[in-house]
Each structure stands twice: as C-alpha cells, then as structure tokens.
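Only one chain comes next, encoded as structure tokens, the form predicted on its own.
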C-alpha cells in the first residue's frame, strides 16, 4: 500500500472544493493514524476560463473570464494544497517533472470546457505511470449532469472529452462507476467515474484478500 497519495483538482475557481479536499484529507489521515499521507494539487488559470475553442466548449453557457480566482485570498485559505496556475494545456506537460508528486489516486475535473478537460487528460500520457499513478483511479466529473438549460451530452463538454479520450487511448479507459448507481442517498453517483490503467504493471495485483477471507469464513458456517 502506498504511504503517500496525490489528489488533483482541475478547475479551482474560488477554492471551496480544494479547501474541502484539504479538510477531508486531514480527517482520513487522522483516522488512519499515519497510515497514509496526501499531497494535494489544484490546477487553474487564475484568470477564469480561457476563450472557448469551439462549439463543443458550450459557449452558450460558459464564457471567457468566468470563475476568476482571487489568488492571494485563496492562498491565505489553503493549508497545504499547491496551486498550479496557468492554462492546463501548458502546466500539465511538465507537472510530474516539476513537482515529482506521490502516485495520483483521485482526480476532480471541473474545467467546464471540452477542450480544457481534454487537455487535463494529457497527464495520462506520462510514460512512468507506475511511479506517478495508482493502477485504478477515482475521478469526479462536475459537468456531466447540469441543469436542463445546460444540455450536456456525449457530443459536447466533459462527456465528449471522455469519449474522445477512450477512443484514442488503448491502455487507459475511463468509465462511469457501477457500484454507486443503486445508492439513492448518494447525490453524486452519476458524477463518479473510474480510470483503469490496464498497462500499469501493478494493475493485476490481487487486492481481494479481505473478501476472500470473508467468503471462506462464511463457507465454514454452512
């Protein structure tokens, strides 16, 4: 088990999501009593949304400069997360080399545009995936439901970016979770996705020992 794991948020804006990640990470660390530590990174332009690239970026709903960040105010609120400012198409390219993060285990995507979400997925082009990623990842996709006026679908926005990525990637696939869909009390169940890194050397390492032990104990009771 990794002793350190990284969490990344794409699209920080005012920072409420990033500060929530900091709070929850601290709670988990306390609960596990030093069993794991989290590194937290937040990607944002700092200047709000860039100009939309195409109609797939939903320019009828999003526009340039929307969600501008008060950088200094947010830095004063953060306790440990590192802000990575600039357009993600540039900052994602040297992220691993510059920051040498612990393996990534969870990513939160709130970049709104198809183009920006597409550029976030550049992180998966990293050649040293065993060093910088866990073999399976939790993903949160903010802009896949929306309001009726937003009209998200597989031909625009984040859903199109996911579709495009899956079509171009052989070794990594992203899909909607299945285990949470039946939980009626979980509001974000349609926004939690998983990424399977099939070409990760540890992908097939068995992790079901606890379930196996429980199954064997139940068999003894029969």
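Positions refer to the first chain, counted from 1. Quick caveat: nothing in here was measured; it's all calculated off a predicted structure.
From this point on, the text means the form predicted in complex with a small molecule, which you will not see here.
Put simply, residue 50 is close to the small molecule in the model of the complex: some heavy atom of it is within 4.5 Å. Using a 4.5 angstroms threshold between heavy atoms, residue 45 counts as touching the small molecule in the model of the complex. Mapping the unseen interface onto this chain, residue 67 counts among the residues with a heavy atom inside 4.5 Å of the small molecule in the model of the complex. By the criterion of a heavy atom within 4.5 Å, residue 126 is excluded from the residues contacting the small molecule in the model of the complex. Each of 9, 88 and 111 comes within 4.5 Å of the small molecule in the model of the complex, counting any heavy atom. Exactly one of the stretches 94 to 102, 145 to 153, 80 to 88, 127 to 135 approaches the small molecule in the model of the complex with heavy atoms within 4.5 Å, and it is 80 to 88.
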